[in-house]
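Here's a solo chain for you in structure tokens, the form predicted alone.
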Amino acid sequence: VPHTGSTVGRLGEEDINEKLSEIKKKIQSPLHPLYDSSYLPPDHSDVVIVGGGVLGLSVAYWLKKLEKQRGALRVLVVERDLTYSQASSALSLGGIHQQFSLPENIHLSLFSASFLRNINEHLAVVDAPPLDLQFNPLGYLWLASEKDAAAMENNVKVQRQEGAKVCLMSPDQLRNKFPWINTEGVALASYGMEDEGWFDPWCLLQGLRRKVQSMGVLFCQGEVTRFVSSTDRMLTKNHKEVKLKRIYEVHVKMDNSLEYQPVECAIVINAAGAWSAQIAALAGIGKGPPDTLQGTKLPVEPRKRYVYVWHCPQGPGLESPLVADTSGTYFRREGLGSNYLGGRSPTEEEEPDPGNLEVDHDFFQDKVWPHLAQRVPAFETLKVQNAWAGYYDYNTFDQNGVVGPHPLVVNMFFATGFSGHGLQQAPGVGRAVAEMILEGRFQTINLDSFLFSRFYLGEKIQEDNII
């Protein structure tokens, strides 16, 4: 008898579901006054991109640009905050340089420099004004102490081999070109002569957004709260059983609402920046025994970074580059009115609580200003005008990006973990992810060393030049 009862219960449930479905259909009829679907995501999308910052938007752009037939791919971007008030893209310094130690990073930034130089060829929209990125091509100037000089020489050799225009400068050459610098403790400097400087990150973000919308990409303000997956079992060569998961539905919780919308999909892009590890965990990534591929987490976490704005009428002139000091302190000019932006990445011991974006002004007084004043004596008299904080999507494993598919959650692709150089590499990374999805491999730039599997294998690809 209980068995019969449970069957009847199930049938009853199906009847109710059918009735609910009919009611929903009626309400969803365009003629029904209660229904406004403008804020809801579609019930299916070929690709769901989690995160609408510059990296997510770049993936969307290249997917639409490279699709075989116009309108072939339906792409949805899910972003928690379409005002971008806490977005790393919008709060960035907007720098671009090729003075990396890894060839992959050099190539990504060279690709981006070309993309940004021809921005209106890529992102022009009919009847919309052209984009003005306000690119300042003044270069980066990296300073090295005696102990780092040999590494800098090696890095510059690699940079030149890969096509970057970088020169080395002795302390004397440095003083001649930039007389405002105190060269004490500097053994060598490297200076980017082309394709380096800074631009307006907000303009790139809005330009990409405007373009992808014109290409048919859909947007939705909400938060991804769940993935529904199917599981396949597979035997490896060593006859070990491996579970492969495939996400087929994404649940999007709508803003200011308790309801969620299920979206059927074929591919998910994790471009959630500082919060991408939480999105990976929702898909079961890292939820397995330790020291196994299933148990390997995405090692990306939010790290708070401060940017300070100061005024100094006697400071470096209009031709001054972005300077990265031996101490890790950096600065650049901002506009024409003797204003400067700068800061310094904290040590592991100094890492601030990433729970909010409040600024620690003592950090400037104690940890930034002494180095600035030592390197540029004019900064003795600077006056701090303003400050803000933003998040790095910090890859604790090797401070490099994670690009491409997960080996076990086979249709989740990453574009995250760039630890502060995501904005400048977004055009190249977006193209790489789109190529991997559409062609099954990286084509323009080989980013195999940025795949997720390196975390399980313990293969660090260390980048020396991160500020």
Partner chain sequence: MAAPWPSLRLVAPIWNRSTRGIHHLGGAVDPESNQKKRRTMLQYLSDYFYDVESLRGYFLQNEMDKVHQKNRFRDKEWIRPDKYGHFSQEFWNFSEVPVEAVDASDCVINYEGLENLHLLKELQSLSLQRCPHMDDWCLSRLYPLADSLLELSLAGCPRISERGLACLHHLQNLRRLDISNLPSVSNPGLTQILVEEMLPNCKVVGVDLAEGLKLGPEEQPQDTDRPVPA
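Numbering follows the first chain given and starts at 1. Everything quoted here is computed from the prediction, not taken from an experiment.
The discussion below concerns the form predicted together with its partner chain, not included here.
- request: May I ask you to check whether residue 287 falls inside a 4.5 Å heavy atom distance of its partner chain in the predicted complex?
  value: Answer no; every heavy atom of residue 287 is more than 4.5 Å from its partner chain in the predicted complex.
message: Given that its partner chain is not shown alongside this chain, does residue 202 nevertheless sit within 4.5 Å of it in the predicted complex, heavy atom to heavy atom?
response: Judged by the heavy-atom cut-off of 4.5 Å, residue 202 is well away from its partner chain in the predicted complex.
message: Within 4.5 Å, heavy atoms only: does residue 337 come near its partner chain in the predicted complex?
response: Flag for residue 337 set to yes.
task: Answer for residue 194 alone: is it within 4.5 Å of its partner chain in the predicted complex, judged on heavy atom distances?
output: Taking the distances in the predicted complex, the answer for residue 194 is yes, it comes within 4.5 Å of its partner chain.
query: Using a 4.5 Å cut on heavy atoms, which of 136, 183, 206, 221 is close to its partner chain in the predicted complex?
result: Of the candidates 136, 183, 206, 221, 136 is the one lying within 4.5 Å of its partner chain in the predicted complex.
- prompt: Of 160, 175, 117, 226, which residue is found within 4.5 angstroms of its partner chain in the predicted complex when only non-hydrogen atoms are counted?
  reply: Contact check passes for 117.
task: Among 149-157, 234-242, 384-392, 270-278, mark the stretch whose residues have heavy atoms within 4.5 Å of its partner chain in the predicted complex.
output: Of the options given, it is 384-392.
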